[in-house]
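Okay, so here's just one chain, in structure tokens, the form predicted on its own.
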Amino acid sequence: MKETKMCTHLSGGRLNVAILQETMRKELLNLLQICEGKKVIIWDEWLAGPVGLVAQYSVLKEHEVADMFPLRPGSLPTISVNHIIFIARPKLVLMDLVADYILSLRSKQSSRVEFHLFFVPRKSELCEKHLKNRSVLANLSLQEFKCDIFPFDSDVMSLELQNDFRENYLEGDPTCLYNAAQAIRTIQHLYGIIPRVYGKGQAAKQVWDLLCRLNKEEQGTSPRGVSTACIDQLLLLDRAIDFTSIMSTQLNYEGLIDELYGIKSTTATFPGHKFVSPDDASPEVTARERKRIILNSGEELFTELRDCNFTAVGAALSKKARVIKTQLDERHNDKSVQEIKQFVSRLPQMLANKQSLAVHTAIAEYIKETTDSFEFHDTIQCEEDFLNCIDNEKVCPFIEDLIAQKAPLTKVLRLICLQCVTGSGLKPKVLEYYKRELVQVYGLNTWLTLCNLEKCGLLKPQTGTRQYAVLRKTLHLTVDESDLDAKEKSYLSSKYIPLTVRLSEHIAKNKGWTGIADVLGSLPGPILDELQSLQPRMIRRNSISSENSSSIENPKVILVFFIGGCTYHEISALRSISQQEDSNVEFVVLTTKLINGNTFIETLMEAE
């Protein structure tokens, strides 16, 4: 039953993302069928969550998966199965763990066991060579589990590449760009060739060039994929063109959950004490245990709340509580037999809504504890000043205080980086002052992190031009509440609108990049505006687009691909544009990873 529900919420948009999920699930189940008999899966820990979005444990159990273990250092209990399957990304450190397990199990197991390794998303010659050097390749059957995109929601898909920005910009490893190009090919195979491609940034150009090369290499082979185009335009955006949107705190409901508790593969984990209900049999146990909550559009209340500014969440929950109370109070009214039958049929949904309300009220209370604090208000005020180009040319007293208090390094670096990107660099004296203070307080290792941030362009001395100040005015990146009309207020979850969102909005409302050539010139990296050949556009088929989509007046579908990561605030802002009355566009987000300012900075930090 849970499986069906999962597919239903994925097929809720113009692009039926459930097709992607079904394709990836079949791929995995076909691989499992190769291994006849009972089997154990040993997961690369990073993949366990994302692959769970494709095939849940209940599905795997039906295919004779007896147990699952994480791939980590240490030994396994004695396993009496025919097959042991490793599912891992092609990384050398993981190959060492696979080799250690095989050598250990070979010495312990008396019965014959077959070992299999499923590479996600594809094999690597370097890894095969490494396994050969460890003398285990002969014992292994190698397969590819070509799952390069994971479906998160009806309008969100992610490649879930762990350190893609770091690998590309710091380590010079372009594997993530190749994975991105292959992901676009997967999308085009499932949903048809995308006729128009726009892009901005160095990584966007590299992905496009790789895609063209891969398409050329495949020419001459039998045609693949569907003939109808379900996506009208593809917009490739390099994360390096807009760091501001990552560094500022997300203020929409879903974004704040991610900022404070972290959302991993649509699941967030909270302390248990606020989830204790009055009729709980063992409240002490519930309070001690951490509560895992799945957050996606399969839940009606969460769909209503996720894009709201957090200040509006309390009122929305109160309104919902009144509606549910009114519905449940109907049972006290005099009713005919027919009306009682209707009420009973609606009762399960009402009780589910009541449970959902209790869950989100508890989450909102947790968030409110943080958002009501003076420190949070001071942080937001500091960010707003930087975003409005106020006092971003001198040392910030609030940042000085945070360093003196030895606040979490990620928080301090995030604010310094925000000051830098909104000031188009820091004055050399200010930059040197921050560096000296950070190294003295947080230790010499911080110097390596600062070098990484400089290499990525997040920290730099100020040059003559003030790109951000120009962009802010030209593209209206910051908004004053007094200047907003009611319609605009309803869809803005923050006083700052991400640059990436403004570019996406421009593409949707205009013919490509026309009218903002000067603006694009001030951003790093080349501009893309390409046509892809395909048959004349046909009406979308129901097998591809959702059943509820009308064939007349279909909105444009634009796939926005964030190369280097994307925040929930950006997704919310894109949804808000789609939901405006005069909008004839639906955005679908594809990203290499879902990130926030903290997780982004952490990937660029050097370990102690």
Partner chain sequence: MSALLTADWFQLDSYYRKFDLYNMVWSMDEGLGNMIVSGAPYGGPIAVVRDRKQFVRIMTTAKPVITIYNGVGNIISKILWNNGVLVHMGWSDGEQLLCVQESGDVLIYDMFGAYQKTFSMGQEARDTKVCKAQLFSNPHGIGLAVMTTTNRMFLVSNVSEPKVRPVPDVPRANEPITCWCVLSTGLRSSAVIGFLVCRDKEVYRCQLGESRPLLMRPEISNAYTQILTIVPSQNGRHIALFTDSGILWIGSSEFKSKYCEIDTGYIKQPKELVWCGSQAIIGHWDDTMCIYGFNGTTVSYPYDGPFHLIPEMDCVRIISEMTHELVQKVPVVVEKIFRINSTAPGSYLVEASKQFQRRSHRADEYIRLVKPDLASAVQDCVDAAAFEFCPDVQKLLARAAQFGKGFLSDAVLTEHYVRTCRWLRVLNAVRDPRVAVPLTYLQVQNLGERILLDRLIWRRLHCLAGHIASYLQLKDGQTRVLSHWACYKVTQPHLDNESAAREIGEKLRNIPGISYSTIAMKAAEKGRKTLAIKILEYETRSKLQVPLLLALGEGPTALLKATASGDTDLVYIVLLHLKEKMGKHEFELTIRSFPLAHALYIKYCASHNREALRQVFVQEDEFAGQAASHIRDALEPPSPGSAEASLLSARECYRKGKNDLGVSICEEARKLCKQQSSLQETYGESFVGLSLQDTVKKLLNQGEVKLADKLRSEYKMPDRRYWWLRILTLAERDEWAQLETFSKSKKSPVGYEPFVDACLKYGKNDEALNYLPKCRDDIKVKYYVKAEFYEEAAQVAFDQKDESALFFVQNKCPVRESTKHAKIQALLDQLSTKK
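Numbering follows the first chain given and starts at 1. A quick note: this is a predicted structure, and the numbers were derived from the prediction, not measured.
The following text describes the form predicted together with its partner chain, which does not appear among the structures shown.
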| query | finding |
| --- | --- |
| Answer option from Leu92, Ala281, Val285, Ile340, heavy atom within 4.5 Å of its partner chain in the predicted bound form | Leu92 |
| Among the candidates Thr361, Asn309, Thr269, Ser124, the residue which, in the predicted bound form, approaches its partner chain to within 4.5 Å (heavy atoms) | Ser124 |
| One stretch from 189-197, 167-175, 248-256, 229-237 that, in the predicted bound form, holds residues within 4.5 Å of its partner chain by heavy atom | 167-175 |
| Partner proximity in the predicted bound form: Pro408 to its partner chain, non-hydrogen atom cutoff 4.5 Å | no |
| 4.5 angstroms heavy atom contact with its partner chain in the predicted bound form for Asn445 | yes |
| Contact test in the predicted bound form: Ala404 vs its partner chain, heavy atoms, 4.5 Å | yes |
| Partner contact for Trp513 in the predicted bound form: its partner chain, 4.5 angstroms, heavy atom | no |
| Full three-residue contact with its partner chain in the predicted bound form, heavy atom 4.5 Å, for Asp385, Gln467 and Glu581 | no |
| Residues in 424-460 with any heavy atom within 4.5 Å of its partner chain in the predicted bound form | Glu432, Tyr433, Lys435, Arg436, Glu437, Val439, Gln440, Val441, Tyr442, Gly443, Leu444, Asn445, Trp447, Leu448, Cys451 |
